[in-house]
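The chain that follows stands alone, in the form predicted alone, written as structure tokens.
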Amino acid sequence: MEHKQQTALVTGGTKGIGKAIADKLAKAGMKVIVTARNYQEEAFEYQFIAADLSKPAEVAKLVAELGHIDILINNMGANTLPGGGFSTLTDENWDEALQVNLLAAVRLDRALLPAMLAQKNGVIIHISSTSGMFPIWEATMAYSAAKAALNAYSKTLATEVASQGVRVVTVSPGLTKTPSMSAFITELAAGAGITTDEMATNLMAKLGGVPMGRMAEPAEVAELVNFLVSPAASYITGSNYVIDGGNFPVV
């Protein structure tokens, strides 16, 4: 019961990495609140508040319904835009990428940080992606740019609030076996006229290969997040933790 009497908000927490994080924090003793646009499960075990955080009014509505928050997991993010490079991306596509992958977290941080600063305690985790450091022009141009901006924002925010008792840390998963990743690979495979297994292999090769030979499980990312929000990580802030099975090709 590492986190007893603490409350965490997990955005995008109904599936994939977000759901795994919610499950891990709850198992560790934390009260968990989850937000997302919707969910399909008949029995969802956490307090759920529906909100589309890409819209400022929805962020304000969510905050009005929340009580005290000790831990904020900004997990919401998506790469749903068309591939093909710069010529396929409209202004609307770029705006969507920034709203979902950067500005939603910025707005929520701005709303919840004052209370953390007042109590001189709190942790904010930004779930980014290795795509923010290793973009693929054919498939992740706008998404990668938004995640790179999130990385820079997270680092500067960490520096600003470190002396006031609040830690801010970034986690950048590589290829992870989530419903969103499965849909992404399926779409790419259909466009290329190959199987999803072939596309998954091609994608790993495109990224330089994954030494462990597989994608991450969401629960593996959740284990890292659980450590980073715990007192055991009390001297960690401003860092970007890559969890990618050894894929990232930079020392």
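The first residue of the sequence shown is number 1, and the count goes up from there. What you are looking at is a predicted structure, and each value in this text was computed from that prediction instead of being measured.
Absent from the display: the form predicted in complex with a small molecule. The rest refers to it.
Is the gap between residue 152 and the small molecule in the predicted bound form 4.5 Å or less for some heavy atom pair? Heavy-atom contact with the small molecule at 4.5 Å: absent for residue 152.
Using the partner position in the predicted bound form, report whether residue 188 sits within 4.5 Å of the small molecule, counting heavy atoms only. No.
Would residue 61 count as a contact of the small molecule in the predicted bound form, using a 4.5 angstroms cut-off between non-hydrogen atoms? Looking in the predicted bound form, residue contacts with the small molecule do not include residue 61, since no heavy atom lies within 4.5 Å.
Any non-hydrogen atom of residue 170 within 4.5 angstroms of the small molecule in the predicted bound form: Because no heavy atom of residue 170 falls inside 4.5 Å of the small molecule in the predicted bound form, the answer is no.
Which single stretch, out of 175 to 183, 162 to 170, 115 to 123, 84 to 92, brings residue heavy atoms within 4.5 Å of the small molecule in the predicted bound form? Going by heavy atoms within 4.5 Å, the stretch is 175 to 183.
Work out which of 25, 229, 17, 9 lies within 4.5 Å of the small molecule in the predicted bound form, going by heavy atoms. When the small molecule is considered in the predicted bound form, the option within 4.5 Å is 17.
Considering non-hydrogen atoms and a 4.5 Å limit, which listed residue (146, 105, 72, 127) is close to the small molecule in the predicted bound form? By the 4.5 Å heavy-atom cutoff, the listed residue in contact is 127.
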